[in-house]
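A single chain, nothing else alongside it, follows as structure tokens in the form predicted alone.
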Amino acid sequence: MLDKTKIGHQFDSFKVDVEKGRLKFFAKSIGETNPIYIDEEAAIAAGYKALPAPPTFPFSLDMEGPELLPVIGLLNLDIGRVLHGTQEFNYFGQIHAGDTITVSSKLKNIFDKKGGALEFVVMENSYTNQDGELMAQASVTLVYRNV
């Protein structure tokens, strides 16, 4: 069983600069065709201060940390038994090109099902801009197979 005393652990925060090219690439990779995500003039004409980040973009910021999925090391997980369960986003503001986002992650919960055969690790990630404004939060659930 996973160590539930680790619930509440706050991982080291890190900063990521949001670049125009990265936003355009992400938009194209998810099949986004709305011009506000790939054409800065269209974004400004629509009332944005710069290119806005497409939906789910904050997930890609998680990949910029010093360690990919630091919860793996914290809980001593075998990566071969980890599955992506769910991911949900709540948005409180708009991330734009030119922003510097601080990513903070916390281990929110660990619970099991099927008599411990499956354990669920719930992470909460927060994305705050350079002005200290919370732009988004994500809840990520990983599934750990014990069989």
Partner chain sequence: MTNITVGTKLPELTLPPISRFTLALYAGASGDHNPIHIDSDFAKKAGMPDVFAHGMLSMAYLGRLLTNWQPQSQLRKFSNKFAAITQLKDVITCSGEVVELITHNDEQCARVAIQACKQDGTQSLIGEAIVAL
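Numbering follows the first chain given and starts at 1. On a predicted model such as this, the values are computed, not experimentally measured, just so you know.
Beyond the structure shown, there is the form predicted together with the partner chain, which is absent from this document and is the topic of what follows.
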| query | finding |
| --- | --- |
| Interface membership of F120, the partner chain in the predicted complex, 4.5 Å heavy atom rule | no |
| In the predicted complex, S60 touching the partner chain (heavy atom, 4.5 Å) | yes |
| Residue contact check: T100 to the partner chain in the predicted complex, 4.5 Å heavy atom | no |
| is_contact(G85, the partner chain) in the predicted complex, heavy atom dist at most 4.5 Å | yes |
| The partner chain in the predicted complex reached by all of V71, N76 and Y144, non-hydrogen atom within 4.5 Å | no |
| Heavy atom contacts to the partner chain in the predicted complex at 4.5 Å, residues of 31-58 in sequence order | G31, E32, T33, N34, Y37, Y48, A53, P54, P55, T56 |
